[in-house]
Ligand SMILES: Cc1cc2nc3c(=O)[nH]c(=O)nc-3n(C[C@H](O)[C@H](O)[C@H](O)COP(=O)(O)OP(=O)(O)OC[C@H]3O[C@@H](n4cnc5c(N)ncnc54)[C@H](O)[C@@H]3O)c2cc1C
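Single chain ahead, by itself, as structure tokens, in the form predicted on its own.
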């Protein structure tokens, strides 16, 4: 017998990544009633920044581009955060499939890539300061969304088990990747086949990726005239960049593991392999970081599905699934970055999709 009390709310936001947190902050500004549900035990979604000596190490998105991402640039300024240019001065390194390492001409990104002082989590933390603490519910994985005559019933828990919580909302903002939504949430009535298929075919950005962060007390690669950039066809690492703090220690090397997710699962000594490859590229000092962080997004059940294991070879052309930014007569709105009309997959896209959803909510 189900004795769960249904909590009634005007607007329910599902997902506390950047898109969901931004949507919540916009509703808070408007003094509107809402609750934000997050499956994880933390906020941020794919923004993840473990701390070391006060420095946030970006294991999710690291950059924004003020020249082409005006919403991000304005938000950084509005929140009184500071950005700084990605360090790119000096020569790069290239490692052939054979393992041979070569010094190559470095290059600067165009447009310029910027990081945020304190890591991208500073953006989420500052936005959360605008939201009342009791409106965010962690450890609340949504498993069911049902359209009813009196609203949208949202069930929290695991499918085919007694729910942990139930909500009845007048409108819902789905700040989740479409593929994850379609694969993990039961919709009643069923979504149209063309929409469900479009959602499942929408690749989740970063879901098949793994990132590392190696921290050091000195930027020895810079002293050697290197930018920290490296690209490799050998070993676990495929792409590396300077990931240092703004003007002081710690200094860092960070980047992406080049191995597919299935192969990473078979590498129990991956951290040691990362250290060895860093030493091949940047010298013996790179083998002994003061801290080494590693995050495999393909193993995150609240990010990736089985469909996300193959690596993405190019940035997808994201759009609202099946051309729909909302369903059920405008009662449920898509708001994740993969559903943005422009800049999908980027932080800019997450903000724009959330802004669109909030602007399209039906006023009571």
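Note that the coordinates shown come from a computational prediction; the quantities given were computed from them, not determined experimentally. Numbering follows the first chain given and starts at 1.
Quick note: we don't show the form predicted together with the named molecule, though the next part is all about it.
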For this session: Tell me the stretch among 36 to 44, 23 to 31, 305 to 313, 323 to 331 that has any heavy atom within 4.5 angstroms of the named molecule in the predicted bound form.
Result: 36 to 44
Problem set entry | the named molecule contact at residue 59 in the predicted bound form, heavy atom, 4.5 Å | yes
Exercise. Contact between residue 140 and the named molecule in the predicted bound form at 4.5 Å, heavy atoms?
Worked result: yes
Exercise. Does the named molecule get within 4.5 angstroms of any non-hydrogen atom of residue 65 in the predicted bound form?
Worked result: yes
Exercise. Any of the heavy atoms of residue 213 lying within 4.5 Å of the named molecule in the predicted bound form?
Worked result: no
Exercise. Within 4.5 Å of the named molecule in the predicted bound form, do we find a heavy atom from each of 55, 121 and 228?
Worked result: no
Exercise. In the predicted bound form, which residues of 79 to 98 put a heavy atom within 4.5 Å of the named molecule?
Worked result: none
